[in-house]
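Take a look at this single chain, the form predicted alone, given in structure tokens.
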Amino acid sequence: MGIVKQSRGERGIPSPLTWAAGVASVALGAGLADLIAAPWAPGAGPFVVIGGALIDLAPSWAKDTAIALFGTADKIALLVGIGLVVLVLAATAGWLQARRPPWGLVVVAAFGAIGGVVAMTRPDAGPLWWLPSVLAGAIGAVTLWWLIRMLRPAPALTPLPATSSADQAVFGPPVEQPAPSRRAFLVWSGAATAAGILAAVAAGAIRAGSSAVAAIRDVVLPAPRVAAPPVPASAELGIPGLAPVITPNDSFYRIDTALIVPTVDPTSWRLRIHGMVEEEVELTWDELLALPLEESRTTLACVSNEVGGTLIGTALWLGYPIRELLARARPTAEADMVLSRSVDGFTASTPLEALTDDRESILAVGMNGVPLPLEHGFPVRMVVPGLYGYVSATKWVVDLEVTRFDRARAYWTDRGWSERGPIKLQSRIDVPRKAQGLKSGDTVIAGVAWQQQVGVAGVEVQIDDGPWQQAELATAISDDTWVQWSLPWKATAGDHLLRCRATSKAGEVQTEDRAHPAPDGATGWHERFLTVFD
């Protein structure tokens, strides 16, 4: 008998429908896998795993570009970018499954398998972290097979008159039956996409309601044994648009490598101090809170901050001096660095002297009178005056290894940044803003200046390449905080160029030479171009 073989691919299916099938399948798989991971391993979700790996693998210039373009929204931009790439790959998988089966299924399943392998390489990976990504691949592959099958017309065999003496029917070529309704396909694919999105949203809600988030609400911080002096009234100039001298928690910049904020239950938190020490030290959360905690006000700055940038802020911190804990451990004479480690694997290399001298380097548990917010390191982070955050301000810290710079390297030094990262002298113009529609007449030029551990002695302002004019400094809280400054200005109609430069208490004048943040911080005078109207 003769049977006409059906082609493996269905070239008659419109490409947009195959794309929709691929996107729906991957959305459902990834969303359900994220939901499955959220209660027991929030960091094992497919997007989190792949995103974290991309952050680690990205070269320094790519990270610098992302921070320069998106600032503290760099992680949102990364997630959006990952989502767009996944959409393209998912659409391609749907097209392949319709045109060259089973390659679409192979692509989806392979991405799940790759995600599982990547998950197991994450620094904080648990034994089953591979499971969500593998499930995402399996769910996506099965859904894709089913949706593409809906689009394929089913062949039916038609009998022909018998041509032999045997009483048998001989079947002719297949006759295609009508394909399932495209409306039904769109309903099912739309439902799969919506289910995947809802599952991802639910996973985010579960992460937000985790035990660590609940625990932070129940934390009652002890009163400081050493309270910070009150902020002088003259430290705040009260000029609209000028950055407040103390930065509110919800406005404090956040730059780190954690795509999803780690949730650490304080009851299980431990800090280990080890390495080149005479005696290892381990500290629990309750033991830390029982120590005589101290308050201090410190300005933190990100090394990625461009000249005039906003990746800087000042807060009231509550914590315990790190030098006291290191004194218990007794570092050996050869040690010169402390490698701090976060619960998510991030590391920072801090000069040992910065943690053992008389500066207010602390293990912080409080920020502006409340427990550390999750995104700022709850339950415990490091705060070290005078150093950029990439070598000192480790969040969610769980490990301090006393070592040497020639024996260990940290996350950012492995990516080309300098080892030590001392803060550079900088100043910034906050007002007038470029687009505020400034009118001619009496106004004010104002901003902030800083060089932690040194202090600012003065700020000068230049208008339209004219002579440098001395601005008035507000009262500095301390040498470890930024200071506000202002200069009266009678603005005239037209275009104007404003510049500022600071002088430190050590006599250093802020350099005009422009340098990008890499490898050890930006330099140059902040300039602001603006137009004044009549």
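Just so it is clear, the structure is predicted and the values come from calculations on it, not from any experiment. Numbering starts at 1 and follows the sequence shown.
Just so it is clear, the following notes concern the form predicted together with a small molecule, a form of the same protein that is not shown.
Though the partner is left out of this view, residue 390 does reach within 4.5 Å of the small molecule in the predicted bound form, counting heavy atoms only. In the predicted bound form, at least one heavy atom of residue 257 sits within 4.5 Å of a heavy atom of the small molecule. The small molecule in the predicted bound form comes within 4.5 Å of no heavy atom belonging to residue 298. The small molecule is not drawn, but in the predicted bound form it has no heavy atom within 4.5 Å of residue 420.
Taken together, 302, 342 and 346 are fully in contact with the small molecule in the predicted bound form: each brings a heavy atom within 4.5 Å. Just one of 323, 376, 359, 415 comes within 4.5 Å of the small molecule in the predicted bound form, counting any heavy atom, and that one is 376. Interface residue among 188, 95, 252, 269 relative to the small molecule in the predicted bound form, by the heavy atom within 4.5 Å criterion: 252.
Heavy atoms within 4.5 Å of the small molecule in the predicted bound form are found in exactly one of 142-150, 381-389, 272-280, 226-234, that being 381-389.
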